[in-house]
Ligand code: HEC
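In C-alpha coordinates, the next block holds one chain alone, the form predicted alone.
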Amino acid sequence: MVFVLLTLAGCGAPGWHESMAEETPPPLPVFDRAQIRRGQMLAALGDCSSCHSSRDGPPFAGGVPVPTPFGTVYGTNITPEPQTGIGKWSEAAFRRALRDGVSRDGHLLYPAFPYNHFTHLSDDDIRALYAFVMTRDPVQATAPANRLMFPLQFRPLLAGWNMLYLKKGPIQQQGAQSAEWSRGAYLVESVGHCAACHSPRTALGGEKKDAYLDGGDAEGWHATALNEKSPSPVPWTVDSLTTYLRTGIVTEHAMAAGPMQGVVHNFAQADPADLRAMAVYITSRMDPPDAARQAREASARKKAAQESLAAVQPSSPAPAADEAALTLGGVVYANSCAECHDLGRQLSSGTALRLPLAIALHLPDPRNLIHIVRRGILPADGEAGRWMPPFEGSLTDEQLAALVVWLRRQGTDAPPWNDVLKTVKESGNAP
(Lines give C-alpha, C1' and ligand atoms only; values in the text may rest on other atoms or scores of the structure.)
Protein backbone atom coordinates (compact mmCIF):
# COMPACT_ATOMS: atom_id res chain seq x y z
CA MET A 1 0.00 0.00 0.00
CA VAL A 2 2.84 2.41 0.83
CA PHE A 3 4.41 1.90 -2.58
CA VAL A 4 1.08 2.19 -4.41
CA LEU A 5 0.32 5.49 -2.70
CA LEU A 6 3.77 6.86 -3.43
CA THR A 7 3.51 5.85 -7.05
CA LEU A 8 0.08 7.40 -7.45
CA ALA A 9 1.15 10.56 -5.68
CA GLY A 10 4.20 10.78 -7.92
CA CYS A 11 2.22 10.72 -11.14
CA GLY A 12 2.86 13.97 -12.92
CA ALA A 13 5.58 15.03 -10.48
CA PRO A 14 9.17 15.32 -11.71
CA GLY A 15 11.22 12.39 -10.45
CA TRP A 16 14.49 13.79 -11.77
CA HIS A 17 15.69 17.34 -12.07
CA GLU A 18 18.14 19.13 -14.29
CA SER A 19 21.78 18.75 -13.41
CA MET A 20 23.46 21.97 -12.29
CA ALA A 21 26.87 22.94 -13.58
CA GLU A 22 29.95 22.01 -11.61
CA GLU A 23 31.70 24.89 -9.92
CA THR A 24 35.11 25.30 -8.44
CA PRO A 25 34.50 26.56 -4.89
CA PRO A 26 35.62 30.12 -4.26
CA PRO A 27 38.85 30.51 -2.30
CA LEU A 28 38.60 31.08 1.44
CA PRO A 29 38.98 34.90 1.35
CA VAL A 30 35.66 35.21 -0.53
CA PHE A 31 33.79 34.14 2.59
CA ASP A 32 33.56 36.67 5.37
CA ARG A 33 34.80 35.33 8.70
CA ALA A 34 31.66 36.48 10.48
CA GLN A 35 29.55 34.71 7.86
CA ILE A 36 31.50 31.47 8.36
CA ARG A 37 31.03 31.75 12.12
CA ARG A 38 27.31 32.30 11.65
CA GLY A 39 27.15 29.22 9.45
CA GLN A 40 29.01 27.23 12.08
CA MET A 41 26.44 28.13 14.74
CA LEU A 42 23.56 27.33 12.38
CA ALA A 43 25.14 23.95 11.61
CA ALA A 44 25.31 23.34 15.35
CA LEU A 45 21.59 24.11 15.67
CA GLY A 46 20.94 21.78 12.74
CA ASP A 47 22.88 18.96 14.43
CA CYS A 48 24.60 18.45 11.06
CA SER A 49 27.57 16.56 12.46
CA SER A 50 25.39 13.80 13.94
CA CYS A 51 24.50 12.58 10.44
CA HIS A 52 27.55 13.74 8.51
CA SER A 53 30.45 13.01 10.92
CA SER A 54 31.18 9.43 11.92
CA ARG A 55 32.58 8.80 15.37
CA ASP A 56 36.02 7.76 14.13
CA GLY A 57 36.14 9.72 10.87
CA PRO A 58 36.97 13.27 9.81
CA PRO A 59 34.31 15.94 10.42
CA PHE A 60 31.52 16.12 7.84
CA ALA A 61 32.98 13.33 5.70
CA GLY A 62 29.80 11.26 5.96
CA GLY A 63 29.31 7.54 6.43
CA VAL A 64 26.97 7.74 9.43
CA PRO A 65 24.14 5.17 9.26
CA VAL A 66 20.75 6.80 9.79
CA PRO A 67 18.12 4.15 10.61
CA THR A 68 14.60 4.68 9.29
CA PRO A 69 11.50 2.45 9.21
CA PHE A 70 12.27 1.86 5.53
CA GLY A 71 15.94 0.89 5.88
CA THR A 72 19.26 2.63 6.46
CA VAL A 73 20.35 5.84 4.78
CA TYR A 74 23.99 6.92 5.10
CA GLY A 75 24.98 10.51 5.72
CA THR A 76 26.96 11.88 2.79
CA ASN A 77 30.28 13.67 2.54
CA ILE A 78 29.61 17.42 2.73
CA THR A 79 33.22 18.57 2.78
CA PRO A 80 34.44 20.63 -0.21
CA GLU A 81 36.26 17.66 -1.74
CA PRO A 82 35.42 17.75 -5.47
CA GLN A 83 35.03 14.04 -6.28
CA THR A 84 33.26 12.52 -3.27
CA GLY A 85 32.06 15.65 -1.47
CA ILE A 86 30.33 18.84 -2.55
CA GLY A 87 33.38 20.73 -3.76
CA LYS A 88 31.80 21.23 -7.21
CA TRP A 89 28.50 22.52 -5.84
CA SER A 90 27.60 26.14 -6.43
CA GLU A 91 25.67 28.05 -3.83
CA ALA A 92 22.60 27.66 -6.06
CA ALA A 93 23.01 23.86 -6.07
CA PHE A 94 23.43 23.90 -2.30
CA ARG A 95 20.32 26.04 -1.92
CA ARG A 96 18.30 23.70 -4.15
CA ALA A 97 19.30 20.70 -2.03
CA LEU A 98 18.12 22.43 1.15
CA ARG A 99 14.97 23.92 -0.34
CA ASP A 100 13.84 21.22 -2.80
CA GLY A 101 15.61 18.03 -1.73
CA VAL A 102 17.44 17.76 -5.07
CA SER A 103 21.14 16.96 -5.44
CA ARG A 104 23.45 18.87 -7.78
CA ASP A 105 23.24 16.13 -10.42
CA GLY A 106 19.43 16.20 -10.30
CA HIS A 107 18.58 13.08 -8.28
CA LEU A 108 16.08 13.37 -5.43
CA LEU A 109 17.37 13.22 -1.86
CA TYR A 110 15.84 10.99 0.80
CA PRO A 111 13.97 12.91 3.51
CA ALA A 112 16.23 11.42 6.18
CA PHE A 113 17.95 14.66 5.18
CA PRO A 114 15.25 16.99 6.55
CA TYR A 115 14.93 19.31 3.58
CA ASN A 116 11.22 19.60 4.34
CA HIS A 117 12.39 21.78 7.26
CA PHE A 118 15.49 23.33 5.70
CA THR A 119 13.25 24.60 2.89
CA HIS A 120 12.16 27.37 5.28
CA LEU A 121 15.69 28.75 5.72
CA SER A 122 16.35 32.30 4.59
CA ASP A 123 18.75 33.03 1.74
CA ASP A 124 21.19 34.65 4.19
CA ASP A 125 21.23 31.61 6.46
CA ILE A 126 21.72 29.23 3.52
CA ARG A 127 24.59 31.42 2.34
CA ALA A 128 26.16 31.26 5.80
CA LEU A 129 25.83 27.47 5.92
CA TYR A 130 27.39 27.26 2.47
CA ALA A 131 30.29 29.41 3.62
CA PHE A 132 30.82 27.13 6.60
CA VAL A 133 30.80 23.78 4.79
CA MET A 134 32.92 25.11 1.92
CA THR A 135 35.65 26.12 4.37
CA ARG A 136 35.95 22.72 6.04
CA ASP A 137 38.92 20.49 5.35
CA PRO A 138 38.23 18.52 2.15
CA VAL A 139 38.15 14.76 2.70
CA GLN A 140 37.94 12.07 0.04
CA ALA A 141 35.34 9.64 1.35
CA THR A 142 32.39 7.87 -0.21
CA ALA A 143 29.43 6.89 1.96
CA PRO A 144 28.24 3.27 1.83
CA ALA A 145 25.28 2.49 -0.39
CA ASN A 146 21.89 3.00 1.24
CA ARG A 147 20.08 -0.17 2.31
CA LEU A 148 16.37 0.39 1.69
CA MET A 149 13.41 -1.91 1.18
CA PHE A 150 12.25 -2.49 -2.39
CA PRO A 151 11.36 -0.42 -4.39
CA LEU A 152 12.49 2.67 -2.46
CA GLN A 153 15.88 2.47 -4.13
CA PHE A 154 13.99 3.99 -7.09
CA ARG A 155 14.42 7.66 -6.22
CA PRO A 156 11.72 9.08 -8.54
CA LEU A 157 9.16 7.69 -6.08
CA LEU A 158 10.25 10.48 -3.75
CA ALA A 159 8.44 12.92 -6.00
CA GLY A 160 5.19 11.59 -4.56
CA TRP A 161 6.46 12.06 -1.01
CA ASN A 162 7.40 15.63 -1.83
CA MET A 163 3.94 16.37 -3.18
CA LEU A 164 2.46 15.23 0.12
CA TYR A 165 4.92 16.58 2.66
CA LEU A 166 7.22 19.24 1.18
CA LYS A 167 5.65 22.63 1.86
CA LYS A 168 8.01 25.34 0.65
CA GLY A 169 8.16 28.95 1.64
CA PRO A 170 9.13 31.05 4.66
CA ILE A 171 7.75 30.49 8.14
CA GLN A 172 4.57 32.51 8.54
CA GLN A 173 5.08 35.34 10.99
CA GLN A 174 2.59 36.00 13.78
CA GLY A 175 2.53 39.73 14.41
CA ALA A 176 1.27 39.53 18.00
CA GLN A 177 4.37 37.64 19.11
CA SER A 178 7.71 39.04 20.24
CA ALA A 179 10.77 39.09 18.02
CA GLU A 180 12.37 36.48 20.27
CA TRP A 181 9.35 34.16 19.92
CA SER A 182 9.39 34.60 16.14
CA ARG A 183 13.11 33.84 16.02
CA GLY A 184 12.54 30.70 18.06
CA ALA A 185 9.68 29.56 15.83
CA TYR A 186 11.86 30.03 12.77
CA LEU A 187 14.77 28.07 14.23
CA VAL A 188 12.64 25.23 15.61
CA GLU A 189 10.79 24.72 12.33
CA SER A 190 13.71 25.28 9.93
CA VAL A 191 17.32 24.50 10.78
CA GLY A 192 16.48 22.92 14.17
CA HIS A 193 13.92 20.55 12.52
CA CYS A 194 12.67 19.58 15.98
CA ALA A 195 9.43 18.11 14.63
CA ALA A 196 11.42 15.55 12.64
CA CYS A 197 11.82 13.60 15.89
CA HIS A 198 9.22 15.13 18.18
CA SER A 199 6.15 14.68 15.96
CA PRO A 200 4.53 11.34 15.08
CA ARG A 201 4.74 10.13 11.49
CA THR A 202 2.37 8.63 8.97
CA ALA A 203 2.82 5.23 7.31
CA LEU A 204 4.62 7.05 4.50
CA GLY A 205 7.11 8.62 6.89
CA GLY A 206 5.74 12.14 6.76
CA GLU A 207 5.12 14.21 9.87
CA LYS A 208 1.53 14.39 11.08
CA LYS A 209 0.91 18.11 10.91
CA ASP A 210 -2.21 17.83 13.08
CA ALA A 211 -0.04 16.34 15.83
CA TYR A 212 2.79 18.88 15.68
CA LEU A 213 5.32 18.26 18.49
CA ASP A 214 3.01 15.65 20.09
CA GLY A 215 5.99 13.32 20.54
CA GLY A 216 7.56 10.85 18.14
CA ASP A 217 10.29 8.27 17.68
CA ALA A 218 14.00 8.54 16.99
CA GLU A 219 16.33 5.58 16.61
CA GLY A 220 14.33 3.36 18.94
CA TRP A 221 13.81 6.09 21.55
CA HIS A 222 10.66 8.04 22.33
CA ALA A 223 11.10 11.75 21.53
CA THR A 224 8.95 13.54 24.07
CA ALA A 225 6.08 15.90 23.33
CA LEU A 226 7.11 19.55 23.21
CA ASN A 227 3.66 21.06 23.59
CA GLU A 228 0.77 20.91 26.09
CA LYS A 229 1.21 17.11 26.12
CA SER A 230 4.68 17.37 27.64
CA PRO A 231 5.15 14.42 30.01
CA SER A 232 7.43 16.30 32.40
CA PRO A 233 5.86 16.34 35.88
CA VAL A 234 7.50 19.72 36.51
CA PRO A 235 6.48 22.30 33.90
CA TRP A 236 9.32 23.61 31.78
CA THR A 237 10.22 27.27 32.05
CA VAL A 238 12.18 29.31 29.54
CA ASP A 239 15.20 29.27 31.87
CA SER A 240 15.09 25.54 32.58
CA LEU A 241 14.63 24.57 28.93
CA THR A 242 17.41 26.94 27.84
CA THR A 243 19.72 25.32 30.38
CA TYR A 244 18.76 21.85 29.17
CA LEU A 245 19.36 22.72 25.51
CA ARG A 246 22.74 24.21 26.38
CA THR A 247 24.00 21.66 28.94
CA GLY A 248 21.82 18.55 28.64
CA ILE A 249 20.82 18.41 32.29
CA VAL A 250 18.27 20.08 34.55
CA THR A 251 17.90 18.63 38.02
CA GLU A 252 14.10 18.77 37.99
CA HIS A 253 13.64 17.26 34.53
CA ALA A 254 16.20 15.05 32.85
CA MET A 255 19.72 14.38 31.65
CA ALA A 256 20.05 14.10 27.86
CA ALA A 257 20.41 10.54 26.59
CA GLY A 258 20.11 8.67 23.32
CA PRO A 259 19.91 10.78 20.14
CA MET A 260 19.29 13.93 22.19
CA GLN A 261 22.74 13.62 23.71
CA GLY A 262 24.37 14.36 20.36
CA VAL A 263 21.93 17.20 19.72
CA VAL A 264 22.84 18.88 23.01
CA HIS A 265 26.54 18.35 22.30
CA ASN A 266 26.08 20.40 19.13
CA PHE A 267 23.74 22.93 20.72
CA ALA A 268 26.53 23.83 23.15
CA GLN A 269 28.32 25.40 20.16
CA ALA A 270 25.30 27.44 19.05
CA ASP A 271 24.43 31.04 19.84
CA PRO A 272 23.02 31.12 23.40
CA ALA A 273 20.48 33.75 22.32
CA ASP A 274 19.16 31.37 19.67
CA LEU A 275 18.79 28.57 22.21
CA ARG A 276 16.82 30.88 24.47
CA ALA A 277 14.61 31.94 21.55
CA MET A 278 13.86 28.27 20.84
CA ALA A 279 13.00 27.75 24.51
CA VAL A 280 10.68 30.77 24.42
CA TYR A 281 8.81 29.35 21.45
CA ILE A 282 8.61 25.75 22.72
CA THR A 283 7.47 26.64 26.23
CA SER A 284 4.79 28.89 24.76
CA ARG A 285 3.29 25.80 23.11
CA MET A 286 3.09 23.97 26.43
CA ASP A 287 0.35 26.23 27.84
CA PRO A 288 0.08 27.24 31.51
CA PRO A 289 -0.29 24.23 33.84
CA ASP A 290 -3.93 23.30 34.46
CA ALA A 291 -5.22 21.78 37.69
CA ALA A 292 -4.35 18.22 36.66
CA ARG A 293 -0.76 19.13 35.78
CA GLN A 294 -0.39 21.13 38.98
CA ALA A 295 -1.55 18.10 40.97
CA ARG A 296 0.91 15.86 39.11
CA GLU A 297 3.75 18.25 39.90
CA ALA A 298 2.80 18.41 43.59
CA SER A 299 2.69 14.62 43.79
CA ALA A 300 6.04 14.24 42.05
CA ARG A 301 7.70 16.78 44.33
CA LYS A 302 6.25 15.07 47.40
CA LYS A 303 7.65 11.72 46.29
CA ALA A 304 11.03 13.31 45.46
CA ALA A 305 11.21 14.77 48.97
CA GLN A 306 11.17 11.30 50.55
CA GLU A 307 14.55 10.20 51.87
CA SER A 308 14.24 6.98 49.88
CA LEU A 309 12.13 6.09 46.87
CA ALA A 310 11.27 2.88 48.68
CA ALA A 311 9.54 4.97 51.37
CA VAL A 312 6.97 6.31 48.88
CA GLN A 313 3.46 5.02 49.46
CA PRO A 314 1.81 4.40 46.07
CA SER A 315 -1.61 5.88 45.60
CA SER A 316 -3.30 2.62 44.53
CA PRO A 317 -2.91 -1.11 45.28
CA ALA A 318 -0.43 -3.05 43.18
CA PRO A 319 -1.87 -5.32 40.51
CA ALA A 320 -1.61 -8.91 41.68
CA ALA A 321 0.25 -9.83 38.47
CA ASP A 322 3.01 -7.36 39.33
CA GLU A 323 3.67 -8.36 42.93
CA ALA A 324 6.65 -10.65 42.22
CA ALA A 325 8.20 -8.12 39.83
CA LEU A 326 7.74 -5.29 42.32
CA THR A 327 9.44 -7.27 45.06
CA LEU A 328 12.38 -8.06 42.80
CA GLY A 329 12.47 -4.51 41.47
CA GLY A 330 12.72 -3.06 44.95
CA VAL A 331 15.72 -5.27 45.68
CA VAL A 332 17.43 -4.28 42.44
CA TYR A 333 16.87 -0.59 43.17
CA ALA A 334 18.29 -0.90 46.68
CA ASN A 335 21.39 -2.71 45.42
CA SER A 336 22.07 -0.81 42.20
CA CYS A 337 20.37 2.61 42.25
CA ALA A 338 19.66 3.92 45.74
CA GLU A 339 23.22 4.96 46.53
CA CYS A 340 23.07 7.64 43.82
CA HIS A 341 19.36 8.47 43.52
CA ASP A 342 18.16 8.53 47.13
CA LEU A 343 18.72 11.48 49.45
CA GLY A 344 21.91 11.26 51.47
CA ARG A 345 23.81 9.95 48.44
CA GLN A 346 27.54 10.35 48.08
CA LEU A 347 29.07 13.62 46.93
CA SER A 348 30.39 12.01 43.76
CA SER A 349 26.82 11.42 42.61
CA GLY A 350 25.48 14.82 43.58
CA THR A 351 23.89 15.41 40.18
CA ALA A 352 21.82 12.21 40.17
CA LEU A 353 18.20 13.04 39.36
CA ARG A 354 15.45 12.60 41.88
CA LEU A 355 13.61 9.92 39.97
CA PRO A 356 10.00 11.00 40.63
CA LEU A 357 10.91 14.16 38.69
CA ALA A 358 12.68 12.30 35.87
CA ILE A 359 10.74 12.47 32.61
CA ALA A 360 11.67 8.92 31.60
CA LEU A 361 9.36 7.51 34.31
CA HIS A 362 6.39 9.46 32.96
CA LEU A 363 6.57 8.58 29.27
CA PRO A 364 3.90 6.62 27.35
CA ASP A 365 6.14 3.53 27.17
CA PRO A 366 9.27 2.28 29.00
CA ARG A 367 11.76 2.28 26.10
CA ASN A 368 13.80 5.30 27.19
CA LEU A 369 14.08 4.15 30.79
CA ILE A 370 15.16 0.69 29.63
CA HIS A 371 17.78 2.16 27.29
CA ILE A 372 19.13 4.47 30.00
CA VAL A 373 19.50 1.72 32.59
CA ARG A 374 20.97 -0.73 30.12
CA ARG A 375 23.34 1.61 28.25
CA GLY A 376 23.96 4.29 30.84
CA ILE A 377 24.58 7.91 29.91
CA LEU A 378 28.19 8.50 28.98
CA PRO A 379 29.93 11.66 27.74
CA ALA A 380 31.49 11.70 24.28
CA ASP A 381 34.79 9.85 23.99
CA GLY A 382 37.64 11.87 25.44
CA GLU A 383 35.37 14.51 26.95
CA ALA A 384 34.46 15.25 30.55
CA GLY A 385 30.79 15.26 31.47
CA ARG A 386 28.06 13.95 33.71
CA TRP A 387 27.45 10.26 33.42
CA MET A 388 25.45 7.30 34.62
CA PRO A 389 27.02 3.83 34.52
CA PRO A 390 25.55 1.21 32.17
CA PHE A 391 24.03 -1.93 33.72
CA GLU A 392 24.26 -4.04 30.56
CA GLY A 393 25.54 -7.42 31.73
CA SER A 394 24.97 -6.61 35.40
CA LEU A 395 21.20 -7.13 35.32
CA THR A 396 19.25 -9.94 33.68
CA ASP A 397 16.29 -9.10 31.49
CA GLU A 398 14.01 -10.14 34.34
CA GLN A 399 15.82 -7.90 36.84
CA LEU A 400 15.78 -4.94 34.46
CA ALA A 401 12.08 -5.39 33.72
CA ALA A 402 11.30 -5.70 37.43
CA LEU A 403 13.26 -2.51 38.18
CA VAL A 404 11.37 -0.62 35.49
CA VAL A 405 8.01 -1.85 36.79
CA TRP A 406 9.00 -0.82 40.32
CA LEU A 407 10.28 2.62 39.30
CA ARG A 408 7.09 3.40 37.42
CA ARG A 409 4.97 2.47 40.44
CA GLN A 410 7.08 4.16 43.11
CA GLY A 411 7.97 7.25 41.12
CA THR A 412 4.65 8.16 39.49
CA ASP A 413 0.88 7.97 39.90
CA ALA A 414 0.57 6.80 36.28
CA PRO A 415 -0.84 3.39 35.34
CA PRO A 416 1.69 0.56 34.92
CA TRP A 417 3.31 -0.02 31.55
CA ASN A 418 2.23 -3.11 29.66
CA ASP A 419 4.52 -5.95 28.56
CA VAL A 420 7.66 -4.47 30.13
CA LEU A 421 9.63 -7.72 29.95
CA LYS A 422 8.74 -8.07 26.27
CA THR A 423 9.95 -4.50 25.63
CA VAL A 424 13.18 -5.23 27.51
CA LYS A 425 13.87 -8.29 25.35
CA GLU A 426 13.02 -6.43 22.13
CA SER A 427 15.24 -3.49 23.01
CA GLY A 428 18.08 -5.89 23.80
CA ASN A 429 17.87 -7.30 20.29
CA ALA A 430 17.87 -3.88 18.63
CA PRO A 431 21.03 -2.78 16.80
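Numbering starts at 1 and runs along the sequence shown. Since the model is a prediction, treat every value here as computed from it, not as a measurement.
Keep in mind that the form predicted in complex with the ligand is not shown, yet the notes after this line are about it.
Asks: Which of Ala325, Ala159, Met260, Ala185 has a heavy atom within 4.5 Å of the ligand in the predicted complex?
Replies: Only one listed residue qualifies here, and that residue is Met260.
Asks: Given that the partner is absent here, does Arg33 sit within 4.5 Å of the ligand in the predicted complex, heavy atoms only?
Replies: Contact check for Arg33: no, nothing within 4.5 Å of the ligand in the predicted complex.
Asks: I'd like to know whether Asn116 contacts the ligand in the predicted complex, with contact meaning heavy atoms within 4.5 angstroms.
Replies: Output for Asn116 is no: heavy atoms all beyond 4.5 Å of the ligand.
Asks: Please determine whether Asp124 contacts the ligand in the predicted complex, using a 4.5 Å cut-off between heavy atoms.
Replies: Outside the cut-off, so no.
Asks: Mark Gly57 yes when one of its heavy atoms lies within 4.5 Å of a heavy atom of the ligand in the predicted complex, and no otherwise.
Replies: Answer no; every heavy atom of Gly57 is more than 4.5 Å from the ligand in the predicted complex.
Asks: Where, among 175 to 183, 316 to 324, 299 to 307, 219 to 227, do residues come within 4.5 Å of the ligand in the predicted complex by heavy atom distance?
Replies: Only one stretch qualifies here: 219 to 227.
Asks: Along 78 to 94, which positions have a non-hydrogen atom within 4.5 Å of the ligand in the predicted complex?
Replies: Going through 78 to 94 in order - heavy atoms within 4.5 Å of the ligand in the predicted complex - the hits are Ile78, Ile86, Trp89, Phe94.
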